Structure formats: C-alpha cells, structure tokens
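So this first bit is one chain, no partners, the form predicted on its own, shown in structure tokens.
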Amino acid sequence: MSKNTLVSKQYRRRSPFKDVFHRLTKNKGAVVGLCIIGALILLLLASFLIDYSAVTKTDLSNRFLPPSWQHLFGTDDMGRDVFLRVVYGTRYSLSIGFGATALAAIAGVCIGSVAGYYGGFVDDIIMRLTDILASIPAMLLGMVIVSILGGSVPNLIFAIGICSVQYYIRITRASILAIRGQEYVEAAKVIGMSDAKIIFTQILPNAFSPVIVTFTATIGIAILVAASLSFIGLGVSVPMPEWGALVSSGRNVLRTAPYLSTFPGLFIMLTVLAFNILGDGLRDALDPKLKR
C-alpha cells in the first residue's frame, strides 16, 4: 500500500457521528462510564431471566448470612438472596431513570422550543413558570407528587420527570435563541415552511448537542432521586427490590450486617458516576472548539 494511500486514509473525513464517537473513545473516563453502563444493561437483561418468586422467597433458617460463594451479597432478614434482589432491582432503577429522563426531555424540548422560537410574551410566561418550578426542591416536589399519586414505578417516572423538565426547557431555549436568527432559518421562513417544521427540521437538529449531554447527566440524578424516595418509603412499594428500598431495608442492622445496604448503595453510586462521567465525555466530544 502506497504512502499516499495511508495518508489519505488517516486524514479521510469522518461522518459527524463517527467524529464524535472517535473523540469520545479518546476520553478514558467516558470509556469507563460506557463500560459500566454496558454492564448494567447486561444485568438488566439478566434480570428478566430471574423469576420474581426467587427474589421474594423467604428462608428464615438462612437469615443474615454473610457474603459467600453460595450467596455473593449475603442474605437479608428474611433469608432472601441479596445478590438476586440487587440484580432484579436493576430493572426498576434503570427503568425509572431512563423513563423519567425521557419524559422530561420530550416535554422540556417541546416547551423550550416554543419559548425560544417565539420569544416575547410566550417566552416570559413559560420562563416565569419554569422559575417557579425551579424554586421548589426536586426532592420535596417528588415527595408531594408521589404522596398524592401513590408509590409505583409509573408514578415515580412521572414525579421525577416533572422535577427534571426545567433543565431541558432552559437548555433548549438557550440553544434556540442562539440559532433562530441564522440565515437558513430565515430562508426556511421565506419558502413558506410552517413554524413546527422549522423548529423540528431546521433548528433542533443543530441545537441538540447540549440536550444530549443534559440527558446523560439527568439519568443519574433521576436514579438518585428515585432511590432517595424509596429509601424514605415513598418510592417502589415493598417487596419490590428497588435499590433505594434495599438500602433502606438494611439501615437498622448496619452494625451487624452492613452488606445489606453496602452492595445496593455501591450499585447506585457506580450508576450515577458512570452517567456523570459519560456526560462529561460527551460534552467534550460534542464541543466544536475541541475539534481538530
């Protein structure tokens, strides 16, 4: 192979997606985050192979067994295998995290697009309502909504989604304000495109980078808030093994059986850390100033 061919392959222009992915893989933290998230997704898939009766079956003769080869994370106060319960709980925590974040992203992007594109009175009304929502602590708002609707996975997704929607409204509005005056937007108006078509086909595709970064970051926040609500008894109902509920179930025996809270707590920590460092990596990879 000639030297010119090698040089042309080395500097061949990549597609935008490949370019972002290439720079993302150069970030060691982002790669670690991707690996952890990949492992969690595998555990999520594995949880569907576990029968629900296996994680709720009690065996009082094997209460509070320490971690061993037979029970990797030990057993709880009812003799249930903590490892199976943690793995099974992956479906609840990840479902709540992704579901709540997707709900917040869809609603926030749509509302933020309207505020940023039209501006004026519409923008003022939307942003004042967003300010009111932002002034209420997310944990407190989540507690109120879940207390009214009841503790279940769909209600948690709705409550946490409402708490997170403000981030997407602000970031989408700011991105559209920076783009709506561009020439291609004006050209789209001249040729008679509808406002909705201009927003979704001309503006949003060019303003989606910060939304993607925010999406990865808020997944971790959603999982943490869901675990906190379950910890205080307002989340997923017992005996469903959601991670926050598992941490709560072991808080009364921390001195004698610390592993009951330690292992689900580690899963929460690693999951939130993985999404945060992935978000940092995506921010760097999508930043035009870092392009070579």
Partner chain sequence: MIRYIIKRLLYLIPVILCVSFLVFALMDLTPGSIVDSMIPSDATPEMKQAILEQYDMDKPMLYRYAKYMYHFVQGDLGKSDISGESILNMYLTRLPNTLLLAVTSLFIAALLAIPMGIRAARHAGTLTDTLTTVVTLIGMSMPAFWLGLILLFIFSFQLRWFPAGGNMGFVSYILPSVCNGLNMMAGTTRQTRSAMLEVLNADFLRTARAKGVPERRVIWKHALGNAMIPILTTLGGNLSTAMAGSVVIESVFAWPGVGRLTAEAIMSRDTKLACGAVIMTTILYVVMMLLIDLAYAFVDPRIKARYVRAKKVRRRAVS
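Everything quoted here is computed from the prediction, not taken from an experiment. Positions refer to the first chain, counted from 1.
There is also a form predicted together with its partner chain; it is not shown, and the following applies to it.
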Checklist entry - With the cut-off set at 4.5 Å between non-hydrogen atoms, does Pro66 touch its partner chain in the predicted complex? => result no
So, Asp77 and its partner chain: in the predicted complex, are they within 4.5 Å at any heavy atom pair? no
Answer with yes or no whether Met193 is in contact with its partner chain in the predicted complex, where contact means some heavy atom within 4.5 Å. no
Problem set entry | Partner proximity in the predicted complex: Met143 to its partner chain, non-hydrogen atom cutoff 4.5 Å | yes
Among Met139, Ala102, Leu177, Ile212, just one has a heavy atom within 4.5 Å of its partner chain in the predicted complex, namely Met139
Counting only non-hydrogen atoms, the one stretch of 35-43, 66-74, 257-265, 49-57 within 4.5 angstroms of its partner chain in the predicted complex is 257-265
Restricting to 264-283, the residues within 4.5 Å of its partner chain in the predicted complex through any heavy atom are Gly265, Leu266, Ile268, Met269, Val272, Leu273, Asn276, Ile277, Asp280, Arg283
